[in-house]
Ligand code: FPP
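Taking the form predicted alone, here's one chain by itself in structure tokens.
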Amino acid sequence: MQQAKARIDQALHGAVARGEQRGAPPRLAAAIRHAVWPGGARIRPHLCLAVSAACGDGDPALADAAGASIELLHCASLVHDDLPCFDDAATRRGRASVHVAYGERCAVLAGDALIVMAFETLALAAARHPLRLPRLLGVLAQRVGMPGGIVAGQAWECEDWAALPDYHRAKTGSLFAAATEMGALAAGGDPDVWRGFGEWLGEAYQVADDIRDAACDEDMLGKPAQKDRTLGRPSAVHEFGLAGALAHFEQLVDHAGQSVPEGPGAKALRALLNAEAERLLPPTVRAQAVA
């Protein structure tokens, strides 16, 4: 785990440093750093590297770049999520969100720059296996854009009604699916057999976020609580109640575990899944949900 963390950090630092070369607007560069560090659990790039390892890790540099590109896109989505036109969130990860720290205009540009940086990072790393690049770029674009990527997930919040599974799979599941698919592709493996694992885990992640939003306070979350109810967003808690949402989360985690392809890395991936489920909803939060 520590080795994977070091690889991810190195890839992210390299990507951001390329944008800070001479001539870069300093305020925008600072806003980008604010968006990327300190990071959260970095679960998406960890997942990408774990799948790449399970497929033989045939090109570690490409796997690192794939994981970093997914994390950069995740950071971009958080910057845009927090904007006044969406969540209007003043804090993120326990400190000022980017638009509060650097202004709304700079935050919009920081999110845009991170999106471009993600694709650049991936493209620059494919020198050893250039034939893998088209599919990697295709998966990344598909999982970000329309009809079912994170842009579509955010757009569902602008509609009068959204089916909960469609919303969850686009808003959160799409980047998790990208992590498993791109981890396999970077190593020369088959992305199709890994897609389900990412989709199930991503949906579980969003259900856990719905539960924490309803059951935790701002100090525990590091961001404003009760946003789903305030903004009228689709939520597993609204759909099933807290106890029902918890049962749904456990079912999704079980589906994710069952979808891991058998092989040398299966045990490690299931261990990662169980550790992440425990981190997302520790016993104290589960007890609050049941109560």
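These numbers come from a predicted model, not from an experiment. From 1 onward, residues are counted along the sequence shown.
Just so it is clear, the following notes concern the form predicted in complex with the named molecule, a form of the same protein that is not shown.
By the 4.5 Å heavy atom rule, the three marked residues D87, Q154 and T172 all count as contacting the named molecule in the predicted complex. Looking at 195-203, 79-87, 96-104, 121-129, the stretch with residues near the named molecule in the predicted complex, meaning non-hydrogen atoms within 4.5 angstroms, turns out to be 79-87.
Shown alone here, I211 lies farther than 4.5 Å from the named molecule in the predicted complex, counting heavy atoms only. A residue is said to contact a partner when one of its heavy atoms sits within 4.5 Å of a partner heavy atom; L109 fails this definition for the named molecule in the predicted complex, lying far away.
Residue contact check for I115: one or more of its heavy atoms lie within 4.5 Å of the named molecule in the predicted complex. Using a 4.5 Å cutoff between non-hydrogen atoms, H46 does not count as a contact of the named molecule in the predicted complex. Only one of A187, L140, I150, A215 comes within 4.5 Å of the named molecule in the predicted complex through a heavy atom, and that residue is I150.
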